[in-house]
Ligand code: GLA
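A single chain comes next, written as structure tokens; it is the form predicted alone.
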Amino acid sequence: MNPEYGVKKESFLSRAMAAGAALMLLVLPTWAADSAERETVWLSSLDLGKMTAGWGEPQIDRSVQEKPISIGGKRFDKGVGTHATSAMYIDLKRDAKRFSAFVGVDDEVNGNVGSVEFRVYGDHKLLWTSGLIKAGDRAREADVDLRGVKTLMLLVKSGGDGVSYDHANWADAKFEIVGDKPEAIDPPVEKAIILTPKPSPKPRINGAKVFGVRPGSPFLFTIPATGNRPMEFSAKRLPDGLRLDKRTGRITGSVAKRGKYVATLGAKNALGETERELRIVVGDKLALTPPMGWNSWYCFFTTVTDKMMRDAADAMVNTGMINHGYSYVNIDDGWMIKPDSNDPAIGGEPRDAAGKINSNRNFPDMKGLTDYIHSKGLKAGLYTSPGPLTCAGYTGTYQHEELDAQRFAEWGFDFLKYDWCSYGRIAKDNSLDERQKPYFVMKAALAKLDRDFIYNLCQYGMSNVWEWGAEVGGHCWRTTGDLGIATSLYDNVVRYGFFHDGKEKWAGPGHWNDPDYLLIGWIGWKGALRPTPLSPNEQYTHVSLWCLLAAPLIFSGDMTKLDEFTLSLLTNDEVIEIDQDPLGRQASRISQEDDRHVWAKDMEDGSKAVGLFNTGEIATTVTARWPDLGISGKQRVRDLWRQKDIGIFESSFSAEVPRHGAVLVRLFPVR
């Protein structure tokens, strides 16, 4: 060994060790200080008013039912009990180092089905997921590195079988921090962006392209047309018995002879003119496209009055909704006498001397009300129950079905919602025969009338009503519970909408699946009239999905509080055309990959309507592939909300879809 080299080597090592020791002296105090300053912050110490819950209220160190937290037989002293779907946003101040918890379904569900998935997101990225957890499963441990994360989102979502008994616990949930404590914050606010262009000032005829009526029944059809007024209307080849008011575009009269007639409707103003065919089918089938209109329930409930109905009819005309195909103005529960009520406005004699039903004092002149609605070019609807009482305890039709049907016709109504409610106390059992019986009775009563009624069965999907609703005379039938009776309306929109996959075979012209009303705009929510709890993206999802499902488009918000954003959702004619397509196909789910869903329906002209949905908490790309859609070759893709072509695509189409949002397109083969 070279001695000089050996000396130099020793000297180098000595210097390195000395430098390392000095570095240790510098670092150790910082590390020690960091360790000493770390503290634990419990999730339950944050403001739980910022956490949402699909049922009940989030609880501090208790389950959602305010019991000791227990998962898979193990008790926990600390934590947060909530219910899917539940979300909480937390500002970490960039000072949190770690989040840990034990998660699972609380044992209080007592053997009932409950399944959830817990997720932790940091700055819009998924950091951790529990996977599917069912009731009775042992708690799963979350241990998440939060270094560098600014905003955290804790999510509990349903396991895919609905939200019943999804009692979810973040047990022993805590943060390790250095510095400022985390703070619960409000969710990000979405801007309500109007995607729909304003209608052209030139004439355009919208709405249904086919219309059904029974021979001899009163005919009322208002040509729905956008464009500058004044406008002059025309109609060629109308069947005998019908006449057109050229100023208003209303077609009235009656047709005695059965058959299919093809009329050509026209609209003309100072900027141009247009024509479109209307197929008039005179026979036994009504509602050849899904009904479009308004219902009073979700904004006024039983406080509804004659004036409110007239105001709604005025608004349907003044806002231009009538020019896009909306035609029904429907009273829900609360117009009848309420037995044993001491309130003079709603109390009194339920029936007249002949046994026919009376309206209460809030509706002093039902015939005058329908005449007013008809004078606007619109149609009128009302509500009752086959039981002795309605859902709200007002007089029902039980044992007076034929008399009440006659009364409804005398008053001049055109639509009947028939709600199961108290008939459950009359039915002998839950057999199919008993479930069908009251609807057959009213079907027979309506068939004897000299005017047409759209017959809406409201019995919440019992006994798979979609399989037999048409048999008992229904033109549409509720397939689910009430959409608006929930803490999280968005959860119901997705759950009730997606519930229709596989039920498309029972929907079509004259018979439609009905997932309840459009709950946008100002609605009754948690005891007050307020803006819908749906975010703007969720509202686009709601309307897009309902149109793909060929559902009745019945708006149930306050017609007198329509803002520009809500109107844009309700009056996009290219979107409405998906719902009103004469082929009458209901969409089905084409594919699903985690939170990414693709739904599609065939259109009469050979095109495809396709909806891309993102039910997740962060924006993601959703792809519709031609083989999944059963098509091939080049397709022209049109964005229906923006009403513009996107381009030509050869084998698939992908779009970035925001949180809880939707993209609705139409694919046209390129030949």
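Just count from 1 along the sequence shown to find any residue number. What you see is a predicted model; the values in this text were computed from it and never measured.
Not on display, but discussed next: the form predicted in complex with ligand GLA.
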(message) Going by heavy atom distances of 4.5 angstroms or less, which of 404, 419, 558, 452 would be at the interface with ligand GLA in the predicted complex?
(response) 419
(request) Consider the chain as shown here, without its partner, and state which of 391, 520, 288, 146 has a heavy atom within 4.5 Å of ligand GLA in the predicted complex. (result) 391
(message) Can you tell me whether residue 415 touches ligand GLA? I mean in the predicted complex, with a 4.5 angstroms heavy atom cut-off.
(response) no
(message) Contact with ligand GLA in the predicted complex for residue 106, defined as at least one heavy atom pair within 4.5 Å: yes or no?
(response) no
(message) I'd like to know if residue 166 sits close to ligand GLA in the predicted complex, meaning any non-hydrogen atom pair within 4.5 angstroms.
(response) no
(message) Is residue 379 part of the interface with ligand GLA in the predicted complex - any heavy atom within 4.5 Å?
(response) no
(message) Only one of 369-377, 475-483, 266-274, 558-566 has heavy atoms within 4.5 Å of ligand GLA in the predicted complex; I'd like to know which.
(response) 475-483
(request) Heavy atoms within 4.5 Å of ligand GLA in the predicted complex is the criterion; list the residues of 319-350 that meet it. (result) 332, 333
